[in-house]
Each structure stands twice: as structure tokens, then as C-alpha cells.
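The data below hold one chain only, encoded as C-alpha cells and taken in the form predicted alone.
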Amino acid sequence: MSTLFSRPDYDALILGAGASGLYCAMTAAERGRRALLIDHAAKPGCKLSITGGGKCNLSNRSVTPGDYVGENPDFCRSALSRFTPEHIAELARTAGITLEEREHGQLFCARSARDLVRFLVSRCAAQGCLMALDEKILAVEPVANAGAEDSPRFCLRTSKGRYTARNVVVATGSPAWPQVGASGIGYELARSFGHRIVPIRPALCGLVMPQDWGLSGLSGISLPADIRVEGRAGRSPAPGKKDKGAPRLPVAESLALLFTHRGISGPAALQASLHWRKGDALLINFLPGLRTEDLLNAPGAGKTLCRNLLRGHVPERLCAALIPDALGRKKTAELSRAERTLLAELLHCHRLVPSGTEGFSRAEIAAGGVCTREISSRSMESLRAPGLFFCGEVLDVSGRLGGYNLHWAFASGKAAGEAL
């Protein structure tokens, strides 16, 4: 433990100058708190600046707790109820940023994500928040005998010195996108104060298939699909929950599925990766919104070869890989009931078992993180160490593709900033 200091340098040390850290620092500074924002990067908002093709998908028209996963799914409810998409719209208006709405309600900066970063940085500076950049975080230690209201509770050691504060906010993100400096330092800090870490895994990334999988060689093909994730192989259910391993509801509905040279990608696969675990199977519906039986029974379909009928709805190479040649060469009217059932299964419930994911370097986020059962859902404060806060992706809260994760970063950062 560190020795006792007479007075803290700051009210709050905010570790990480990403989306959640910037929003937390801005909120705390607006409330008159003496805050220092610290990051190992030379510039703030590095990842935020380049997400979404440089326009950052900062929210969604509709955001609900059901759009997030984690061991404690209700944890995000409080923060989300106090920070809605309308708050994002108001933030954009204040910053002079035009929002662009895309499919599925996704909200982007119409011009550049750098406009948002510049606004947050300038707002922090205008309110008196200081920044210490290009400074590696080494450790956070409790101060011995910290009792008086104005005495420090924590000492932060960095590559350039040490700082003391009454509060510390860990907003360091996750290991996803290590190429922009992402790391797992936040988990190390959490463990040092006794927090449990829900196992970390890449999410919102492509899925890799075994070399001998039946649909190899289809790289470049893209089509809309539904995906379900089947089973929970090798996993323990969340505390207090039963898990029968039954197929779940679709985790991707009518989203683009892209075949790659290693497996599958595109929005449908990325969405599925949020729920997939090693050993799970994917059940893919290549004809979302259509029933095979309706196609087979359509007027004039009886004399059409099965493969010719399907080529109007499924790319030709995929059709050839999915449908056995003998079945494809039959006329629709010649199909037996068993063959019709088989055809429906191949098209609507095609089963694949990925061998893994594309990894953290290709993942948009990392699922898992600091166990939220040990964190206040209202303030983001640790229930183990008063004055220690966590916000953003370092927590076990992971959102769907479509702006939900940045929205959570802002919502949780605001909750922590308001509690400082």
C-alpha cells in the first residue's frame, strides 16, 4: 500500500481516453470535479476516430437492455434508462454534428468521427479537465489509512510519475483492436482489487470454419440469412440460471452473410459471434422470409428442376454446394415427402460448427470483462473498493452490432461521471 498523502492531487483519475473515458471526464468536469484523464496513446479517442469507416456508429434509433449480453443482463438497465438515443441526438446538436441514420436504425456521424472526438476533448478542456497522454498506466494502489474526506484513497503509478485521487475510473476498454493500442490493463487493475473477470473472448468478428467444411470454396458470395446459435458446449450456465442447451431464437435476422476464404463474415456472422462459444453449432436459414414448401408448390413449379427453382433465390454456387446433385436434378413434382423435408432442412436449418473466431485483431469488441455483480448498476462504483469505478467495454456488458457498444460507452461513462 502507498503511504498517506495529505491531500489528493485530483478528485478523480480517469484511466482511458476512449469513448467512455472522455464522456466520464466531460461529465465530471462539468460538475466541478478536478479530473485528470490519462491514456498510454499519444492522442485521445484513437479507436473512436476510426470506427465505422471513420464515421463511428455512435448509437441506434432504438436501444434497450435486450440488445446487450453478459452474465448479469439487467445490469445495463439503469444507465440506459438515463441515457437514451435522444441524449445522443442532443449531444450531436450541441456539437454541431449532423447524424446520418442507416439501415436498422444505426446512427453515424455524417461527416467524420473526428468531429465528435474534437468536441469531447474541447469540452473537457473548457471545463478544466487535464489530460496526461502518452503515459503508460502501471498500477493503482490503495492509500493506507485514507480516512478523512479530503484525503486521497488511491495512488496511480505511471511510466512518468504518480498521482493521487479520491476516486479512480477504469475506462481502459478491452484487447479488441490491439493494432490501435488496445490492451487488457483494465482487467489487471480490477483483479488487483479482488474483482472477478468473466472470461474474455473476441466478439463481433468473423467465424472460422474447419478446412474440410462442406461450404468451402464459396468466398465472395453474400446473401441475407437468419442465424441461430445452438447449444452451450463446455459452458456453465450463469448463476441462478438453468441451461438446457436448446436452440435459441435467431441472433441474426435477414442480415448479410458473407462467405470468406476462412469461413463466414458479414453482419449476420458478426452478430452470431456475440453469442457463439467454442463447440456451439450455427443453424443458418438461407431463405429468410420464405418457405421451401411454398416455392415447391407454386403454380408451374412442378415441371421445374429443383436446382433451377432454387437458383432464383440462392446464389448458384451456394445452391450447388448445399443441394445433392441427384436431388437438384429432380423435378419438383417428383420429390418425395422425405426429400422435401431434407431440402427444407438444408436451406432453412443448415448446421455448421465453427472452429473458432478471427481473433481480437479482427474483433470489434471483447465480450466478457469485469463481473457486474460486483459493480453498482447506478453509479458504476465497485462494491469491493469504494471510490473505484468501471465503465465502458471493460465491464461484462456487450452490445449487438449497430451502435449499441458506443452507446453503452457513453451511458456508463455518464453514470460514472455523475457519481464522482
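Here the structure is a predicted model, which is why all the values come from computation and not from measurement. Residue indices: 1-based, along the sequence shown.
Although not depicted, the form predicted together with a small molecule is the subject of the following passage.
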- prompt: Do residue 29 and the small molecule share at least one heavy atom pair within 4.5 Å in the predicted complex?
  reply: no
message: Is residue 273 near the small molecule? Define near as a heavy atom within 4.5 Å, in the predicted complex.
response: no
- prompt: Should residue 365 be counted as a contact of the small molecule in the predicted complex, where contact means heavy atoms within 4.5 Å?
  reply: yes
task: Decide whether residue 70 counts as a contact residue for the small molecule in the predicted complex under a heavy atom distance cut-off of 4.5 Å.
output: no
- request: Counting only non-hydrogen atoms, choose the one of 73-81, 122-130, 178-186, 210-218 that falls within 4.5 Å of the small molecule in the predicted complex.
  value: 178-186
